[in-house]
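A single chain comes next, written as structure tokens; it is the form predicted on its own.
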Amino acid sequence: MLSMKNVSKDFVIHNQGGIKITPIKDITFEVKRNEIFCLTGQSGTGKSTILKMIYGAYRVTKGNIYLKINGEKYNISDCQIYEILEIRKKYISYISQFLQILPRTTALQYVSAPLLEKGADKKEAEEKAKEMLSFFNIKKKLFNLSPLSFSGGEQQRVNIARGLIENKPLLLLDEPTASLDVKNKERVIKKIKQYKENGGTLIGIFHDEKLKKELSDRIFDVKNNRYL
């Protein structure tokens, strides 16, 4: 479904004299359809950078990222911004570690937005969003408040609810359970398993070793550029 071929990413640190760093160098791997594929490695090895390149938030310095889906094939490395936005809308959900939301946007608006952007009925989209928020233990009285005022764990659960409200073919997860207690971790695990059962493909970063082993079909060591 997705393959990275000799992908590298350079960053230039302008406030340090234009120093160039290359956290990702010649990374190559393939992700099969309907598997949970885990990226592993110490902090700073470039795991989050890989997810952002797949999502098109970071441009590739060298190499290619191919996405083959619904009979179509894209080289994300060569896509224009408008093409990347269309690919995201149709095929890719991304759940980051951090909430990215405009001020005065309510939790209900934030979670229902992906459905509304695809033309869903507003009432139906909001009902689905309420179900997702309730599943992740967000209290009803918080639905119409901005998640910027929520605790770290609540913000992360709102983020997850938004990412999972659609069953897009590819889901990118960047440490989705870092701020969650055991009970809420179990809920996330349940939804991830349901997502896979419904035919979804997931590329994730899990620092929790137990969670990594429980969920992953395959694990890729980013630092050493090899499967484990």
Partner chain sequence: MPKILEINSLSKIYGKGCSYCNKIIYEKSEESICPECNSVLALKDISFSIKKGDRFGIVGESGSGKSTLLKILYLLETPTTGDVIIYDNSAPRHMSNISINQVNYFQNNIMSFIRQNPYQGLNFNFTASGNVAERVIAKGNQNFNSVREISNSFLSKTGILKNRFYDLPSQFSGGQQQRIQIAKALASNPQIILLDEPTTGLDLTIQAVILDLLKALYEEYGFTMVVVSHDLGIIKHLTDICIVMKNGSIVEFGLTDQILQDPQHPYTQSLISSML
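Residue numbers count along the first chain shown, from 1. Note that the structure is predicted; figures quoted are calculated from it, not measured. The term rigid core refers to the most C-alpha atoms you can superpose between the two forms while keeping them within 1.5 Å.
What comes next is about the form predicted together with the partner chain, which is not displayed.
Asker: Is it the case that Gly71, even though its partner is missing from this view, gets within 4.5 Å of the partner chain in the predicted bound form, heavy atoms only?
Answerer: Looking in the predicted bound form, residue contacts with the partner chain do not include Gly71, since no heavy atom lies within 4.5 Å.
Asker: Report yes if any heavy atom of Tyr58 sits within 4.5 Å of a heavy atom of the partner chain in the predicted bound form; otherwise report no.
Answerer: Yes, Tyr58 lies within 4.5 Å of the partner chain in the predicted bound form.
Asker: Do Lys52 and the partner chain share at least one heavy atom pair within 4.5 Å in the predicted bound form?
Answerer: Residue-level check for Lys52: yes, a contact with the partner chain.
Asker: Can you check whether Asn137 is within 4.5 Å of the partner chain in the predicted bound form, heavy atom basis?
Answerer: Answer no; every heavy atom of Asn137 is more than 4.5 Å from the partner chain in the predicted bound form.
Asker: Using a 4.5 Å heavy atom cut-off, which residue among Glu127, Asp121, Glu117, Asp78 comes into contact with the partner chain in the predicted bound form?
Answerer: Selected residue: Glu117.
Asker: Would you mind picking the one in Met132, Ile95, Ile101, Ile87 that has a heavy atom within 4.5 Å of the partner chain in the predicted bound form?
Answerer: None of the other options qualify; the answer is Ile101.
Asker: Residue by residue through 1 to 37, which ones have a non-hydrogen atom no more than 4.5 angstroms from the partner chain in the predicted bound form?
Answerer: Contacting residues: Lys9, Phe11, Val12, Ile13, His14, Asn15.
Asker: Taking the rigid core as the reference frame, is the Cα of His14 displaced by 2 Å or more between the shown form and the other one?
Answerer: Result for His14: yes, a 2 Å-plus shift.
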